[in-house]
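One chain comes next, on its own, written out as C-alpha cells in the form predicted on its own.
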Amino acid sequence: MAKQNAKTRQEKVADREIAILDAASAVFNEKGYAKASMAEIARKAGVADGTLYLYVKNKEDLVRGVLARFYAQLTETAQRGVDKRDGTKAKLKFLARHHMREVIANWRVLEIAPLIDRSSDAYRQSELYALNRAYVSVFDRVAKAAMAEGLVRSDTQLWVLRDMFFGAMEYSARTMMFVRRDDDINAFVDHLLGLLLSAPAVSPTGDVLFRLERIAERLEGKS
C-alpha cells in the first residue's frame, strides 16, 4: 500500500515545473539571455537535459514561462499589498516601492522581453502583453481613486499618469540597479509621488488671499 503522504504524479510534475522555472530565473538573472544555456538550467533544476525539453520547446519558450510567472506573481503581490493598506497615498507609495524593488531584483530577466517579441504587433497579441495589462490595472484602479479624491488633477489622462509613474521608475531603476538600498528607493518614491500628486485647487481666500495682498502691496510700494 502506497504511503498516504507520497506525492502523486501530478504533484511531482508541478514540483519539477517550479524547479525548472526557479533555475531558469536564476540563470537568466545572472547571465542574461544570450549566455544562459539550457544545459546549465537543467543541471540547476536537477533534471536531465532531455527532461527539460519535455516541459519547454526551446530557450525562448522557457523565458516566456519565466516572464509569465514573474508578471503573475508581481500582480498578485501588488494587489495583496494594496488591499492591506488604507489611503490612496499609502497604496501608491507601496506600489512604487514594490515595483522598484522587483524591477531591480529581476532586471536581466525583464530586459529579455523585447528580444522575444520584436514587433509591437507581436507583443500586443502575446500572453505577456495581457499579463502586463493585468499588472498595470492594479495601478489604474488606485490612480482613478486618486483623481476622485483630488490628489491628482481630474482632467489628467490615465495613460499619461500611468506612463509617468512606470516610465520614471524604469529609467531610475537603471541608475540604482547596482545600489539596491532601500533608502535610495524610498527617497526616489517620495520625490516621484511629490511630483505626481497635486493638492486640490482652492479659491484665493483666507491665508492665500492675505499673501496675495501683501505681495501686491510690496510691488506697488516699489513702483
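Predicted model only: the values in this text are computed from it and were never measured. Quick note: we count residues from 1 along the sequence shown, nothing fancier.
Note that the form predicted in complex with the DNA isn't included here; everything after this is about it.
In the predicted complex, V160 stays away from the DNA, with no heavy atom inside 4.5 Å. The closest non-hydrogen atom of A36 lies within 4.5 Å of the DNA in the predicted complex. A residue is said to contact a partner when one of its heavy atoms sits within 4.5 Å of a partner heavy atom; T175 fails this definition for the DNA in the predicted complex, lying far away.
Shown alone here, K59 lies within 4.5 Å of the DNA in the predicted complex, counting heavy atoms only.
Think of it this way: in the predicted complex, the DNA has a heavy atom of just one of Y55, F70, F188, F166 within 4.5 Å, and the residue is Y55. Heavy atoms of every residue among R9, A48 and T51 are located within 4.5 Å of the DNA in the predicted complex. The stretch in contact with the DNA in the predicted complex, judged by heavy atoms within 4.5 Å, is 40 to 48, chosen from 188 to 196, 40 to 48, 166 to 174, 152 to 160.
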